[in-house]
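Here's a solo chain for you in structure tokens, the form predicted alone.
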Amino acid sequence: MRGKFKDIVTDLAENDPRVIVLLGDISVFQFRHFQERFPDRFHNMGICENALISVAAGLASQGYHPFVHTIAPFITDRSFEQIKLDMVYNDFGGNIVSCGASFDYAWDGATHHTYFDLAMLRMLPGAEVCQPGSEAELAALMPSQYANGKTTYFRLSDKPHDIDLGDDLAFGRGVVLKDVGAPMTVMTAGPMLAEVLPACQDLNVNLVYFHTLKPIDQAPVTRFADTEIVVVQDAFGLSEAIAGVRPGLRMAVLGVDRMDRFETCYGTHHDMRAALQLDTAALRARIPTAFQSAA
């Protein structure tokens, strides 16, 4: 997905001289051709994430469209105050593009785990929060939002899904993948669809997918509001966004919401999903009994 990000930004820069890339010593080799093509619009600032955000805000104040890119926990958890005050409070548009979502860097432990970012950034007034789960989704979302004058967060994953969602991909619009009139609806976002879709294949459930968490698409939530809603996500943020659409939703969450500890399972992101019972086999068994488990 980082490769696709590089391709998209390079194409944008060809036609928009206001596009500038700021890296935090990550994906530097990926952007070598961008640097050669636009040396004055490429800056690897090193491991100084707070400064990255502040510089992006300054560039935005002068009419540029900055893309800030580095590892998710360092550009969100660590730099939340800079994002809040330097960018959002001042109404300076810009693009924060992370990699290493949730447990992509599971082998590096809690310092590199990221499951608070979506929830934190969606609380900032006027900010936009995107969690594309595939390269196709990123290609639909980034060009439409990068220059809109708002702070937009694009949460990239090194483990995208490869599910074809069709051509009807647009910012702020959810995707109904399965509507069988079932009394239960599963809602998920981002790369987790790779586990959730096969888990739901033979279950009597409806299935809704989101690539944009803010603004959340209210239409599919309202459409299935009278069903039991099971939210499956390996980060905070999605369940809160859904709950805010309509009071009184009957909702259960399968994710990190009840973990209340630092996960110390070292291995791959597949190992982490298995440890959290968020792999396909576990979800297939857990989804039908989600409300019994929550009781």
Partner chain sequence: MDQALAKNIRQSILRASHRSGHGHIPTCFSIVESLIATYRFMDQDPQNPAAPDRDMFVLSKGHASLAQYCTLAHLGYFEVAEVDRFGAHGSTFGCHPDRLKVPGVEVSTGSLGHGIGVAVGMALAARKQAAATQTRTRQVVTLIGDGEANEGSVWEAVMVAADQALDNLKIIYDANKSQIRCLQLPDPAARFAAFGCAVQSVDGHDVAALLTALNQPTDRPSVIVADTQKGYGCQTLVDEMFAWHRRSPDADELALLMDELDAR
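Positions refer to the first chain, counted from 1. Since the model is a prediction, treat every value here as computed from it, not as a measurement.
Beyond the structure shown, there is the form predicted together with the partner chain, which is absent from this document and is the topic of what follows.
**Student:** So which of C48, C265, V245, M251 reaches within 4.5 angstroms of the partner chain in the predicted bound form, heavy atom to heavy atom?
**Tutor:** In short, C48.
**Student:** So which of D158, D91, D108, D77 reaches within 4.5 angstroms of the partner chain in the predicted bound form, heavy atom to heavy atom?
**Tutor:** After the contact test, the surviving option is D91.
**Student:** Looking at 266 to 274, 39 to 47, 25 to 33, 227 to 235, which one sits within 4.5 Å of the partner chain in the predicted bound form if you count heavy atoms only?
**Tutor:** Going by heavy atoms within 4.5 Å, the stretch is 39 to 47.
**Student:** Indicate whether the candidate residues V55, Y64 and D86 are all in contact with the partner chain in the predicted bound form, with contact defined as any heavy atom within 4.5 Å.
**Tutor:** Yes: each residue has a heavy atom within 4.5 Å of the partner.
**Student:** According to a 4.5 angstroms non-hydrogen atom cut-off, is E81 in contact with the partner chain in the predicted bound form?
**Tutor:** E81: yes, in contact with the partner chain in the predicted bound form.
**Student:** Heavy atom to heavy atom, is I20 within 4.5 Å of the partner chain in the predicted bound form?
**Tutor:** Looking in the predicted bound form, residue contacts with the partner chain include I20, since a heavy atom lies within 4.5 Å.
**Student:** Using a 4.5 Å heavy atom cut-off, state whether L59 contacts the partner chain in the predicted bound form.
**Tutor:** Output for L59 is yes: heavy atoms within 4.5 Å of the partner chain.
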